Each structure stands twice: as structure tokens, then as C-alpha cells.
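Quick heads-up: it's one chain on its own, the form predicted on its own, in C-alpha cells.
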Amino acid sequence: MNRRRQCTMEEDVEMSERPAKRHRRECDSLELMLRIEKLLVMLSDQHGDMRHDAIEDLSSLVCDTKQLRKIQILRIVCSCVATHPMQTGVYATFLSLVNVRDYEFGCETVNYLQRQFVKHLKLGEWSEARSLLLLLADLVNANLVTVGSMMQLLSKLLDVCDEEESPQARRDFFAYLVMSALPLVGREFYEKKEMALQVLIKRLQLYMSKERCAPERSVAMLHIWSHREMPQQEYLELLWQQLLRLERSNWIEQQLLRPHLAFDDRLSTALQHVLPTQELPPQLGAVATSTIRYPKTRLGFRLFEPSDAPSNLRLPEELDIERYVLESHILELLQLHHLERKLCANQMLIYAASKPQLAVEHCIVEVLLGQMLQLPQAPYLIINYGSIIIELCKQQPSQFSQIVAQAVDVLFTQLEFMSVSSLDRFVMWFSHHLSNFRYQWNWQDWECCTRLPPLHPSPMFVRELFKRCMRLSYREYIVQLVPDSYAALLPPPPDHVFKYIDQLLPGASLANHVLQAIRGKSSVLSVGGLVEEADLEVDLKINVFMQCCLHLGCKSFTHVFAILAKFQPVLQMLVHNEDNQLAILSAISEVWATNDHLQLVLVEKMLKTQLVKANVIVDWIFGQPEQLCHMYLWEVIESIIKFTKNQSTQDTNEPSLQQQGFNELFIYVVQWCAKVLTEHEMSYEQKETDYWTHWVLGRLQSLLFNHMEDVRGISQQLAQVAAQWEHCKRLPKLIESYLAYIQ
């Protein structure tokens, strides 16, 4: 009996220990997976022999550990490759080393990667799909995937280019997939499947030589420069030309990562796997296409030629595949770290140091400026690029400061041909850049612009640059830095003008009483009664009262905001219609006629306090057409459009009503543009270059680009505006090209 009881007690103890052991095993397994994930992520940050050792150690750890979650490892690899597409060789080598000892893992790898590749294509996750295709190409190099099955996959992708009913964007993307994989796997194809490679190249050549239906007018909208002296080829055509040169060199290149070569003796003995055959997603229907869009075409950007690099460094030519590889690495680092300027700069410098024979620094500056200036929009905020460039200049001033100055000079010489949108971004970036280096610059080199017409892009750039610099500093400091020859381009002192100092003006008496009442701490009610009882027209009362408030609050933003907030009830009492609202805006422009920045801030304040409506601000802006070539008025337009959109979103949850306010305001702005352009064309004599039209159309194009997603819903209304103003020569062409691009 005692023995039976003892056995029962031992069984109970064993049963109670089992959950604890199971829990401990689960914890150990979780810790191991976290460790493997950390090591996989770190693989992309290793260099040289350290990378080879890390790959070796990690593959041994995975092979020596039983009951690992293979799918979870593959998910981590896919995640790493998605963020580091130029590091696929590292992860391909790791997977292939595991395959040497675990054939089943290799089989599961190719099946999983192929499924994920097709899944990304179905979901419209284009960059992830391209990353996995690059990984599969590198798995061929690492002897995990057979050359023949990879060739079949690329041929199948290229079949999409023969789909006549498919949109151009779909066919271009699949052609780009094939082209982007060829630099990685081209040499293997050349050595083992030369005939099949030739067929593939001929098919690509046939597709590229066709009259591709991407409308030239929509691609022309993406040109940063309006002439052909500066290289700006379409990205697909540029990559195709680079591939043709690579083919002529027998597919030999030196810049792609190929860590598998360090393990060639082991990888060459491994059993390979055939990629499973899977159907590619068909062309989406009209409804699905509205939510899943193929990547838009883009243009290459070049600032530097090989002769611009120092004699001890080599800058690959534009059509050299090495240029493509360098740019792809830099873009990857930018995408990963653009929010961390110091980390991003450090990673770029490390990459440059790993290529001591190449002028990587020139490529870094070229890529950063190209991204910032590209049309239709820069991928990130201008300050992101500016902060990274500043950090690079601070860490390596002897190199990057000179390269940035070289790039700025190239851009300045091409200002006459630069798009207005890119020029505005150039102004915003360079003013911020100068503010971090005490505004030191070789201003004498740009003195030629002082002898050009006032609206020529070069003097306009310098004038807007000075205005921006003064926002970040103060006028006296900027004036003492630049030569006297720039006097005509320097903005006048930003002083306020209180016109009612002249006692002979109508309303001067009321102005004196209002000033005395406000300075005497009179109540808002008594000041309002004083203005209301005056025997003057309402618009004049508003002008007098606004001028008094702005005059008393002229010391700072804080002063003017405080006084306007205090006497807002008086303005609300006086404003009854749109003419009264225009009177408020006129008073602002009269007092601060030489201070663009303060005009911008005060107009925004009037809009947010609902003293002035958005459409009235538009009327006020286009009521002074001679000023439309200046940046600040278009900043006001951009600001009120964003405010209207956000306000509509807050006021209602109905999507159609949210968009209605934006739609009406945007169409109103375009109609005003058409009106002033038509009036200008009728009165303008074609004796010289029409720079005014250049600025207005360019700023309108920039506005259209900034709101592409929202404007897509009012395409028909825009087309109607173009048809209505067809006698206006250039505006209808701009709208038609824009609509062709966004569809």
C-alpha cells in the first residue's frame, strides 16, 4: 500500500514537472529565434571578412539546432531582404550554406520564396517583389537554385510585356524586374545558358525598340531641365543601355556583393533545387486597378561626368552598370536611414570607404540632390536631404564641401532651363544649407545674374534665396556678406508702413482715436463702439482698424497675434461680406508690403480665425497678377488648400463632403490661373522671352503635382477647364499632359 502510494506521488511530481519543462523548452526556443533574428539583421551591416565569419557562424548555428521553425527563419530573411535589396548576396549565401547540410530546408526555401514573390505581385507590393527576385537570382549564384529554372522564371515575367491589352505601366514594371535581375545572374546565364540568354536579350530589345505607349508629353512633365544638354533619360531606357554595355563586356562587373565566392568549394558540391512553376497574377480589372497602381515612370538624374572626379578616383560613366549599382546602394541607405541624419551619413561614408578607387562621394551628392529635385515630388522632406548633406560636410569637410559647391554651381548654370518646382526646392534647400555655414559663399561667381532681366530664372533664384536666408537670419547680416553689385536683388528692408501718419488721408482722425484708445487700455467694447460710430465706409473702417492693430503689434509675431486675438470681436462685427474680407487682406499687404513672410503668416491667421474665407484669399492673390511670379503667394495658396482639406475632414465623416471643399477651391484656383494667363497673352507683345508665364505655369504645375491623389478625383472638371480656356495657348497643354500622367 505504501509502495503504491509512493509510486502515485512520484507520478504526480513527474506530471507537475512536465508543463514546467515544456514551458522552459518553449522559452529556450523563443530566445534562440530572437538571437537568430538579431544575427540575420546584423548580416547586412557586416563588411569584408567579418561578414564571411558571420555568415559561417549563423549557418552553423541554424544547422546544429534541431526543431527550428524554418518558416519563421525564412520570414525574417524576406523581411531583411525587403529593406536591404542590395544585400541579397549575403542572405543567399547563408541560405545556400544551410542547404549544403539540410537539403529539405533548401527545398522549403525555394517553395516559400516563390510563393511570397507571387503574393507580393498580387498585392501590388512592388519593391518587395523585386527584392525577392534579386534574392532568387543570387541563389543561382550560390548554387541553390538551378540556372534553367531561373531562366524560365525570367522568361515568364517577360511574357507580360507581350500582353497588348495590359497598360504600359504593368509591362514596363515586369521588364524592369527582368532587367534588374540580369546584372546579378547574367554571368551564370552567359556561362551555362548562353543561347537562352541571347533569346531573352532579343525579346527585351524587341520590347524596348517598340514605340512604347508612355505618352511623351506626360514624360516631358518629369524633366527637371527643358533642354537635352543635361542627361535625363527614362529609368527603364537608361537601365537597358547599361545592360547592353554589360553584355558587351561578357556580363563581368566588379561592384555587386558576391560573398558566395568565399565558400565556393562547399557550395559547388550542394544539390540544387528547381523553382516551382506558379502562375503570375493577371492584369487587374478597372476596380482593382484604382487601388493597386503600378510604379510610375521616372527619369535618371546626372550632375557629374567622369571628368568631374579627382584624378585619383574613377567615376563610372552614365551608361556603366557600376553607376547603377552605386546609386542602388546609396538609395538603399537613404531609404533606411533618412530620418536619422548622423546614422545615414555614417553609413554612406562607410560605403564610400569600402570603394577607395571610385568617386562614391560624387555619387552620394548626385543621388541626394536628384531625389530632392525630382518630379513630380521628392520622396522625402527637403530638410531630410539637407540635414544629411550638412552632416556629410561636417564629417568630411575637405571632400563633401567641395563636391556640394561643385554641384550647386552646375545647378546654377542650368537655372534658365530648370523646372520651376525644382528651382523652388533648390531655393529652400540651399538657403537652409547656407544657414548652417554662416552664409559663406563665393557670391562673386554669380554676379553675372545681376545684369539679366529681373524675371530671368537666375536673378529670380538669387532674389528668392536672399528672402529665404533673411527668414532664417536677418537682413543686415546678409547685406554685409554679399557684394554691392547685388543691391538690386536684395529685398527692401522688411519695415512696416503705417499710412495714417499722414493726417490728410481719409480715416486719419479715426486712426488717432483708435490708437489712443488701445494705448489707454480701453475695453474691446469701447474700441468697437468707437469704430462703429465713425462716419466712414465699412471698408475704410476695416482698413483703419487693421492698420492700427498691425502698427501697434509690429514688434514681433507675439505682439501682433496678441492684439489681433484681443480685438477679433471688433473685426467680426465689421466684416459682413467678401468685400470686407478683401479690405482686411489689403490692409495687411499695405502695412507689410516689403515683408512677404509676415504677410504669409497673417493671412494664414485670418483664415484660421475664420475672418477671411479661402476663396477670398484666392481673389486677393490673383488680383495682383504682377506678383504671381513670387514664391510667397503660392505658399499662401498651398497653405489655404491644405487648411481647407484638413478642415473639411474635421467637420464631417462623409468622404464625399470631405473632398467637396477641396475640389471646389482647387478648381477655383485653376480657373483663376486660366483667366490671368489669357489676359496676359492678349496684352503681351512677343518682343522678348515671356518669363511671367513661365513662372505662373510652373507654380501651377507644382501645385498639381503636390495634390495628385486628390486631383485624380476631379479629372473631368480639370479637363472641362482646359476645354473652356482652349484659346489660352499653354494651359490646356499643361492640364492634358498632367491628366495623361496621373491616369
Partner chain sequence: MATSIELSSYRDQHFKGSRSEQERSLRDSTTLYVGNLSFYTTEEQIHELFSRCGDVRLIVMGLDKYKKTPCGFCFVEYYTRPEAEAAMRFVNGTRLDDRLIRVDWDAGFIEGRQYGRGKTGGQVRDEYRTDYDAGRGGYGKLLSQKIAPNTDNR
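The structure presented is a predicted model; accordingly, all values stated were derived computationally and were not measured. Positions refer to the first chain, counted from 1.
One more form of this protein should be noted, the form predicted together with its partner chain, which is absent from this view; the next part is about it.
Which residue, 268, 354, 556, 312, has a heavy atom that falls within 4.5 Å of its partner chain in the model of the complex? Comparing distances to its partner chain in the model of the complex, the residue within 4.5 Å is 556.
Just give me the single entry in 308, 340, 590, 539 that has a non-hydrogen atom within 4.5 angstroms of its partner chain in the model of the complex. The residue from 308, 340, 590, 539 that makes the contact is 340.
Which single stretch, out of 451-459, 384-392, 78-86, 365-373, brings residue heavy atoms within 4.5 Å of its partner chain in the model of the complex? It is 384-392 that comes within 4.5 Å of the partner.
Indicate whether residue 471 is a 4.5 Å heavy atom neighbour of its partner chain in the model of the complex. Contact with its partner chain, yes.
Give a yes or no for residue 210: in the model of the complex, does one of its heavy atoms lie within 4.5 Å of a heavy atom belonging to its partner chain? Answer no; every heavy atom of residue 210 is more than 4.5 Å from its partner chain in the model of the complex.
Can residue 227 be called a contact residue for its partner chain in the model of the complex at 4.5 Å between heavy atoms? No, residue 227 sits far enough from its partner chain in the model of the complex that none of its heavy atoms falls within 4.5 Å.
Can residue 432 be called a contact residue for its partner chain in the model of the complex at 4.5 Å between heavy atoms? Heavy-atom contact with its partner chain at 4.5 Å: present for residue 432.
Among 219, 707 and 733, does every residue place a heavy atom within 4.5 Å of its partner chain in the model of the complex? Heavy-atom distance to its partner chain in the model of the complex: none of the three under 4.5 Å.
May I ask you to list the residues of 582-610 that have any heavy atom within 4.5 angstroms of its partner chain in the model of the complex, in sequence order? Counting only heavy atoms within 4.5 Å of its partner chain in the model of the complex, the contacting residues of 582-610 are 597, 601, 608.
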